[in-house]
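Consider the single chain below, provided in structure tokens and representing the form predicted on its own.
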Amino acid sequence: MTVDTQTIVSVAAYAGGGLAMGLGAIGAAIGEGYTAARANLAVSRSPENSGEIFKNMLVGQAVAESASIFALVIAILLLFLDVPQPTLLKAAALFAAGISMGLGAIGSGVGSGYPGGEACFGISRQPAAASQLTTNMLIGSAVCQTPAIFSMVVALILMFLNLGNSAVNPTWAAYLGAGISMGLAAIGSGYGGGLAAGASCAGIARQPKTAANVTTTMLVGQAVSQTPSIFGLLISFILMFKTFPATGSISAAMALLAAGICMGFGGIGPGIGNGMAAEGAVRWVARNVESAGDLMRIMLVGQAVSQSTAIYAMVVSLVLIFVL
């Protein structure tokens, strides 16, 4: 059987589309399931508010669904994309696009489920604060979707990037590394942001009068939690747009692929850890609003230490790209 370049490009695009949607479906389904589970618990606790809880559940699930919709868009584009000039480099870019979007949707989908679920349960405790809880849920969930949006941007760039005269080796590895870097780094930030947003909804349900302080702390904590995904985006951009000289050596390609792997995996833990620190601060601001300043300061210091490991990963990635 003869395999031509067009066939290889088609195989890469189809495989990338399958990965985009297959992996992208995981997070959203888990997040939506968590929201529904908490909604059921809320209705059992307060049946008279089942209508408001049900409405909030659907809204929360709709936001969690966003990550999988991004994945669906990328998958459809990959499946039906017309490639007039198929090359091996284009095949690597299309496959990397699927990896970026598929992995990048997982954390955002799961993370968005936490504020949705906690808002539903909060309505059963504080029916009068339903509008505050829904608003806070939407804000927190929207921030959770940021890493998935980063992943979609990287996927779109990889799909429509002008390859020009880029050398196949080691550029193919750079493109794969870009997809892996963004996709993996997005997991921790999406999940960590959800932890903070869920605690915010729970805090407002406990003490609605502290909504302003709780929301502020949540947004600051989420902002720091997003930085590992930003590091992943930075490394992806460098790998996609830097011109690499042609070489027959496999070591150069492996250095670029390793840079993406390093930053991708290196961003997962810090994103989750930062979210845990934010969750603790947000939850206790509602219980002790007078100490909001102290809690935020401790949160930021704790997040800075947790963030250091993502910085180490980024430094190693930059060394692999520019030094080795």
Partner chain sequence: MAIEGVDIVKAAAFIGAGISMGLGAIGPGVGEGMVAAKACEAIGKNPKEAGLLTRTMLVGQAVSESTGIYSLVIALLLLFVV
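Residue numbers count along the first chain shown, from 1. Computed from a predicted structure; not experimentally measured.
What comes next is about the form predicted in complex with its partner chain, which does not appear here.
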| Which of 26-34, 257-265, 58-66, 45-53 lines the interface with its partner chain in the model of the complex (heavy atom within 4.5 Å) | 257-265
| query | Taking 291, 299 and 316 together, does each of them reach its partner chain in the model of the complex with some heavy atom inside 4.5 Å? | reply | yes
| query | Would residue 11 count as a contact of its partner chain in the model of the complex, using a 4.5 angstroms cut-off between non-hydrogen atoms? | reply | no
| Taking heavy atoms only, is residue 250 within 4.5 angstroms of its partner chain in the model of the complex? | yes
| said: Would you classify residue 286 as touching its partner chain in the model of the complex, given a 4.5 Å non-hydrogen atom cut-off? | reply: no
| query | Taking the shortest heavy atom distance, is residue 277 within 4.5 Å of its partner chain in the model of the complex? | reply | yes
| For 269-286: residues with a non-hydrogen atom within 4.5 angstroms of its partner chain in the model of the complex? | 269, 270, 272, 273, 276, 277, 280, 281, 284
